[in-house]
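Only one chain is given next, in structure tokens, and it is the form predicted alone.
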């Protein structure tokens, strides 16, 4: 691949294939959403709602990762990632649609027949551990934090923060293409300086409210960092997929070189190790302390109440090897990181495993009459897939609709020259 940009100016990328692809993505998304809604007539409302939670959390995590990578790019004044940054900026257009798609979960918690349809602590009469949520001392101690009012207000605040930060980043970046004014670079650095702590806090609390609170008895001080690792890995993987797609379309020829792929591959390797470190540390500390208020979360995902192993034990083993060992050993190779077909395959694999990881954290909240988690391989998995496809179709549509609205790359960014000639 060439290491030099084409001498011709970079145009707005507007062609019929992009518009057609956007329409197809939206149709696929709407079909996926409709199929998920049909699940309400085939399965239990709780199963469908939790499957929707998996889908919305999965795609929100990926877009949060894009936001954090753009913020990190600006705070470090990075050069190599400038030609890639624009595609993450287009991905940020999904946030307002994700907020809309999250709305049904909030509404059902307020106006549904059962307020505990998703999160059990929303109904004080929900039966838990031989009593009710309202009489549970652990809930009483957390009730100021775990309330419908606080949950709703915080969720609204999360999306407002993400949409606002995204709007500032996109406005400055796109505006600089027109006038080349350095004030837009300074604006993005200011946004990054305040956006990184805002992003870190909001993604942490989102993970706690949306996912961790499904088992509100459980304690973990590493949950936000685990979620952050998955956010960044998901965004990096989508970055690879988009880069390879644009290269083979012809848009990135003369722009993308092997060193860009190698650099993003190095980050994928780094966050693979980071995810493993966080996940192992959480498991080891809980295992070593052996406190019932913490160990039950893992016991639930290994054995049933009668001592028999359940399917979630093997899901956990899949995460151990699929989330760490497989991508780790592949990403050690320079050749694998710069070969389009291989690095794209690794990216698809990691995205699949991130989805399984979220299933591992969310779906065991579905329990039978004996308190055992429902099996992973069941009809409920179908609603997870339709949710992921439905919400994903809307996110891809939002990206493709934003794609023609700006130059392919930030042509007047002060670092664009260094990025086009990036070397290891």
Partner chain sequence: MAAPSYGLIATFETAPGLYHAAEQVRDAGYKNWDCITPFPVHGLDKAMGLKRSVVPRISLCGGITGFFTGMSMIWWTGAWDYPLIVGGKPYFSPMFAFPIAYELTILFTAFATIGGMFFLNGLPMHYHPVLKYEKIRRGMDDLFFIVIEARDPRFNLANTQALLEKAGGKDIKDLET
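What you are looking at is a predicted structure, and each value in this text was computed from that prediction instead of being measured. Numbering follows the first chain given and starts at 1.
Below, we turn to the form predicted together with its partner chain, even though it does not appear here.
Problem set entry | Residue contact check: residue 201 to its partner chain in the predicted bound form, 4.5 Å heavy atom | So residue 201 does not count as contacting its partner chain.
Exercise. Residue 332 near its partner chain in the predicted bound form, any heavy atom under 4.5 Å?
Worked result: Although its partner chain is absent here, residue 332 would touch it in the predicted bound form, with heavy atoms inside 4.5 Å.
Exercise. Quick one: is residue 159 in contact with its partner chain in the predicted bound form, heavy atoms, 4.5 Å cut-off?
Worked result: It does not: once its partner chain is placed as it appears in the predicted bound form, residue 159 has no heavy atom within 4.5 Å of it.
Problem set entry | is_contact(residue 262, its partner chain) in the predicted bound form, heavy atom dist at most 4.5 Å | Close contact exists here: in the predicted bound form, residue 262 approaches its partner chain to within 4.5 Å, heavy atoms only.
Exercise. Where does its partner chain sit in the predicted bound form: which of 246 to 254, 339 to 347, 281 to 289, 104 to 112, heavy atoms within 4.5 Å?
Worked result: Contact criterion met by 281 to 289 only.
For this session: May I ask you to choose, among 296, 277, 209, 216, the residue with a heavy atom within 4.5 Å of its partner chain in the predicted bound form?
Result: By the 4.5 Å criterion, the partner-contacting residue is 277.
Problem set entry | Residues from 223 to 256 in contact with its partner chain (non-hydrogen atom within 4.5 Å) in the predicted bound form | Contacts from 223 to 256: none.
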